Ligand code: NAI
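Read the single chain below, which is given as structure tokens and is the form predicted on its own.
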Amino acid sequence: MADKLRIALAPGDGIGPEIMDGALRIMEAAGVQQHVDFTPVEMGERVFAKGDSRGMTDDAIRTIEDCGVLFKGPMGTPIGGGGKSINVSLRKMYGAFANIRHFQALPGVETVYSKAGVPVDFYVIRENIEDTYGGIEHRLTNDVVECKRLISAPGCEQVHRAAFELAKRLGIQQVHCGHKANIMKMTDGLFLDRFHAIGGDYPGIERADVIIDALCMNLVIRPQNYKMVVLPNLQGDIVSDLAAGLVGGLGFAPSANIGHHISIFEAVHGTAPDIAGKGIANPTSLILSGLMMLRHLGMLKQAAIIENALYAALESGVHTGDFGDASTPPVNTAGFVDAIIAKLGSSPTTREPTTTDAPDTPTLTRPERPRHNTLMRTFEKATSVHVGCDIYVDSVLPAPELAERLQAICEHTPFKLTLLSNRGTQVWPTGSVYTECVDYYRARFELRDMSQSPSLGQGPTVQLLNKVAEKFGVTDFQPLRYFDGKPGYSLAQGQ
């Protein structure tokens, strides 16, 4: 069929090729390949071994961009040598901003919750691009390293809208925002603010927020209280693995990475090199990820048929060696796949079957290929003025002596020294002698006369930076600005 939809295919490393072969056999038996062509691409450990630190060839990159959809197995990242995680690189390179994972109790997969009759069925939507996953790190002094955490309003809005759109499509009536805005008042505060701003466009869906540590506790105690949680990147990564533990492990957790132009569907468990080639791996996670892919493509009927068959096979007691009734002999990967294929057309009995009265041909349409990198904006009309700067210095001086020297430096400038902090805690002009310090201080300089701010500009703060740099090692410089009359910077602890 000439008009088949092309899907880039990366089987993966370790057990990847075995479980991918099984997933594709099930799809073929369900008629998927009548409408889809899978195009292999080269990426993973073999590419790393050839010296390519990207872990993917130029041809693979072009094919993925041409197809717009990638179906991939687990992939290894070399330890040392500078090679980056392929999973993270792909998500960031292709703007796959929303990581969607569905955690649900499966028949035949025994957990403490299934034993107790506690239903588990919820989604974690994780922002996929920003946060500490920018990997922007520096060694600042002998003893201090830094990782920058970047959160943008457009990035927040993308993932929140994806969450609310999915909730609307699935009929989910409440979405929680997980955050740590009680501590990270500006970064997580922005994430929470944009959650409520975007959620206002969905009046039929209730909005709630929960601090991340309380969320983790609540998920363990009462997972049935949640249907969808949207989180920043790092917190979402951690909560995703916690959630997988509630349903039996990563082997039962599908993953979709959704972008405007390119989307990636993958198994997120490891490559399991200890059992690679033995034909005993559990393919469930990749099969479930494939179902998410089929629904993304619009092939809802095939997804429903396979899902019903998977549930029916699990109900019958079929299992690989990593789960299931220990009194029943496990099957190998091929046997597990064969059992699902044999159940195609059947329906589960312990849960409501997924309707197969649905479209069976792809409906996915892609936006036009961008001609350049897209610049996203949210607060285009915000007005900002400069009011000072934070200068970070490498010093082992006691805080009072450092403050005295910095005050002398800024004496004949528009600025006064208002704060010294160490590891985020104020140590001057007030503080506690019990606050232990390292060789990295933040010195905050603010205008003596705030009425000067509208005409100041950045130049005077740079001049002050040069003066400080003549006497101290400067590790970082951050202009302080007001945005629409409000400080665009945080207080120190204890300030």
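Residue numbers here begin at 1 and follow the sequence given. These numbers come from a predicted model, not from an experiment.
Form predicted together with this ligand: not shown, discussed below.
- this ligand contact at E127 in the predicted bound form, heavy atom, 4.5 Å: No - in the predicted bound form, heavy atoms of E127 and this ligand never come within 4.5 Å of each other.
- Item | Distance check, D338 to this ligand in the predicted bound form, heavy atom within 4.5 Å | Contact check for D338: no, nothing within 4.5 Å of this ligand in the predicted bound form.
- Touches this ligand in the predicted bound form: T77 (any heavy atom, 4.5 Å): Residue-level check for T77: yes, a contact with this ligand.
- Does any heavy atom of T425 come within 4.5 Å of a heavy atom of this ligand in the predicted bound form? Looking in the predicted bound form, residue contacts with this ligand do not include T425, since no heavy atom lies within 4.5 Å.
- Item | Interface residue in the predicted bound form among E368, D357, E352, D274, criterion: non-hydrogen atom within 4.5 angstroms of this ligand | Looking at E368, D357, E352, D274 one by one, just D274 meets the 4.5 Å heavy-atom criterion.
- Proximity to this ligand in the predicted bound form, single hit among E315, D322, D237, E307 (heavy atom within 4.5 Å): The residue in contact is D322.
- Message: The chain here is shown without this ligand. Which stretch in 67 to 75, 387 to 395, 359 to 367, 293 to 301 comes within 4.5 angstroms of it in the predicted bound form, by heavy atom distance?
- Response: Only one stretch passes the 4.5 Å heavy-atom test: 67 to 75.
- In sequence order, which positions of 256 to 282 have a non-hydrogen atom within 4.5 Å of this ligand in the predicted bound form? E266, A267, V268, H269, G270, T271, A272, P273, D274, I275, A281, N282, in sequence order.
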